[in-house]
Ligand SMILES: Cc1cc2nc3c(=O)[nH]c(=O)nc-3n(C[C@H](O)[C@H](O)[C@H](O)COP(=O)(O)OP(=O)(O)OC[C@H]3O[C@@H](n4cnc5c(N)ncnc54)[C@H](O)[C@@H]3O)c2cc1C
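Form predicted on its own, single chain, as structure tokens, below.
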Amino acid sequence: MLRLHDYRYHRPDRLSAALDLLEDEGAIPIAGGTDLMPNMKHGLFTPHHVVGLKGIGELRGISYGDGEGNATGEDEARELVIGACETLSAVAASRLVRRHTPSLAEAAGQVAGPQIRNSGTIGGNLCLDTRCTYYNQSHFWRKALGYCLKKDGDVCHVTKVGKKCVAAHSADTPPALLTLGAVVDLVSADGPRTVPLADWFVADGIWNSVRRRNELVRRIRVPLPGSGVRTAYRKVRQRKSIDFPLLSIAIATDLGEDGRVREMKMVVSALGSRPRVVAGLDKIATGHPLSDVTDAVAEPAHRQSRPLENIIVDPEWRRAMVPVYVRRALREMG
């Protein structure tokens, strides 16, 4: 049986109190805890203080916003504002999310199983720790191997060379949020700041975001898409009911009244330490009917995807699935 270490649990009811607690270097925040608690049992995190966030009302709510995070009515709305502690089930079921950003609802609804979605939060999904076959193991297992670069060791067992961790990004909602142009409002005892999600991730499997360790995600803001925007999210996994993605693809396409592409964004994830935004799509797709560019768009997605052996399923098969699922998503979108 895997046991938790000794720690002190705090449950503040105000955001300011939580931020003060997180100034302690030995403190870590917890919302749903669906990923953090298993990692703590494996000895991957051993905080002295665990700060619960679900009792903080300031981190809740799904509403329209004015573009600055202030609540507004539907007629003046420019964005959706989603509190970081909204559960994935709530995001997937939200009338506003399903109406304006269906790919986000689809992504949230495909995380694990219903028990996990009822507890896990969208803020936690955004901050999900990267995963690797050599990292997500018990302390006994990792010690026998000599540990790894991400935790306690000095070698990456995937690449065998270099000093860069390649543990894989495995969260479902960030690819969809990236294609939608989302921004993240962060807060700490030092004050608030806003980071476009396009600048959120870095290519470092040890800590793959720009979030500082004493910062909390307060909310995620998603600009309301235009009437011509079509979105899709597709996920490949071993067991459809519960597993992390072996591959995930999110697409947002802005179509004119004539059905021709005005803009296209695509993100491929679960293959590296951060989601990959596929480059060069506008040159291929802009000005053409969507049905005419499906194969042409799938080609750069395949070429730019380079999975590594940090997940047990064959990387070449996972790469081969990229164009397959891109074509499926685009055909259903059209």
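All residue numbers are counted from 1 along the displayed sequence. Since the model is a prediction, treat every value here as computed from it, not as a measurement.
If you look for the form predicted together with the named molecule, you will not find it shown, but the lines that follow are about it.
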### Query
in the predicted complex, does each residue in the set A84, I116 and T121 place a non-hydrogen atom within 4.5 angstroms of the named molecule?
yes
### Message
Can you tell me if F201 lies within 4.5 angstroms of the named molecule in the predicted complex, counting non-hydrogen atoms only?
### Response
no
### Query
Given that the partner is absent here, does L36 sit within 4.5 Å of the named molecule in the predicted complex, heavy atoms only?
yes
### Distance check, D243 to the named molecule in the predicted complex, heavy atom within 4.5 Å
yes
### Contact flag, A301 vs the named molecule in the predicted complex, heavy atom cut 4.5 Å
no
#### Entry: Stretch from 74-82, 189-197, 258-266, 207-215 whose residues place a heavy atom within 4.5 Å of the named molecule in the predicted complex
207-215
### Task
Name the residue from L178, A105, V222, C127 that puts a heavy atom within 4.5 Å of the named molecule in the predicted complex.
C127
### Task
Scan V97, V111, A252, L247 and let me know which has any heavy atom within 4.5 Å of the named molecule in the predicted complex.
V111
### Query
Within 53-70, which residues have a heavy atom closer than or equal to 4.5 Å from the named molecule in the predicted complex?
L53
